[in-house]
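Starting off, we have a lone chain in the form predicted on its own, written out as structure tokens.
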């Protein structure tokens, strides 16, 4: 990914980010440091060499993107110090990008090495469970939030190909709902539907019953039917990506009328092959024109060698986004965040003040 030229930022005011993966936002230097401490051999010894291994340089497929995690996840997973460190550093990086509120997501099972079947990334059985992963991430986010004066919350991911994990993820959402975890998510291969894998539906039904917030990756590379399943079967309150919603006009209109929030990731959608690599033809343009409810997000900045500022400058340069639209979408993002109402009101007040907008009372 070409570096941004040294120029004025497309939007240098406070921002809200709702769709970013913790394990796709790790510093390369941290991967090298942890590998050295743990005695893990990597195919590269410098940041630049390691970046060549991890970064997607050309638009590919979702599969070629997911393969990149194999390069480094075994270094971080199962290591307490590393798990807490990546959460803390994540908050610092977001603060530098002007983010004042972020919801970061991850699969607790993919960072664990015990009480998980199968143990991921060819790790040996250890003693870091999914439950402890959540506790460590919460600690890192909380300490980072205090140090860098931003608010960070987390979303726990179920994985489509591992339905046997989903009820455990839901139980972790319940256990830590007052300690940093704000929602449940479903990520992974969109071709694996809930009819074939009822555990996901069961977890989401329980989430609805318990008042756990819900988002679902849908319509990124899958068809509009996956989006319909997300909102009708899984009762998603937000849709991760959702580009293919436009293929089903009735569904699109229904979700516009419902004020459904779409977590959109422009740079990501190019490199995963989710959308046309010509940004001037991106589905987000239609969402913008229709004043839809959506956010701009980085998704996996490590793998795309990107920053939130790159997504904003891309939207500005190729999609006709103005400062007014950036303000609008950040207000929408705050309104659609999974914060408790009182904290949400405080966040909205901060944005209105920073954007010099008169606070209007919405009924």
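Residue numbers count along the first chain shown, from 1. These numbers were taken from a predicted model, which means no experiment stands behind them.
Here the subject shifts to the form predicted in complex with a small molecule, a form of this protein not shown in this document.
> Name the residue from 338, 69, 294, 326 that puts a heavy atom within 4.5 Å of the small molecule in the model of the complex.
So the residue touching the small molecule in the model of the complex, by this definition, is 69.
> So which of 107, 244, 113, 138 reaches within 4.5 angstroms of the small molecule in the model of the complex, heavy atom to heavy atom?
Here the answer is residue option 107.
> Can any non-hydrogen atom of residue 217 be found within 4.5 angstroms of the small molecule in the model of the complex?
Yes, residue 217 sits close enough to the small molecule in the model of the complex that at least one of its heavy atoms falls within 4.5 Å.
> Counting only non-hydrogen atoms and a 4.5 angstroms cut-off, does residue 126 reach the small molecule in the model of the complex?
Residue 126: no, not in contact with the small molecule in the model of the complex.
> Flag residue 188 as yes or no: does it have a non-hydrogen atom within 4.5 angstroms of any non-hydrogen atom of the small molecule in the model of the complex?
It does: once the small molecule is placed as it appears in the model of the complex, residue 188 has a heavy atom within 4.5 Å of it.
> Might residue 157 be said to contact the small molecule in the model of the complex, defining contact as any heavy atom within 4.5 Å?
Contact check for residue 157: yes, within 4.5 Å of the small molecule in the model of the complex.
> Check for me whether the small molecule, as it appears in the model of the complex, comes within 4.5 angstroms of all of 62, 65 and 299 - heavy atoms only.
All three within 4.5 Å in the model of the complex.
> In the model of the complex, which of 82 to 90, 99 to 107, 145 to 153, 228 to 236 comes within 4.5 Å of the small molecule (heavy atoms)?
Single hit among the candidates: 99 to 107.
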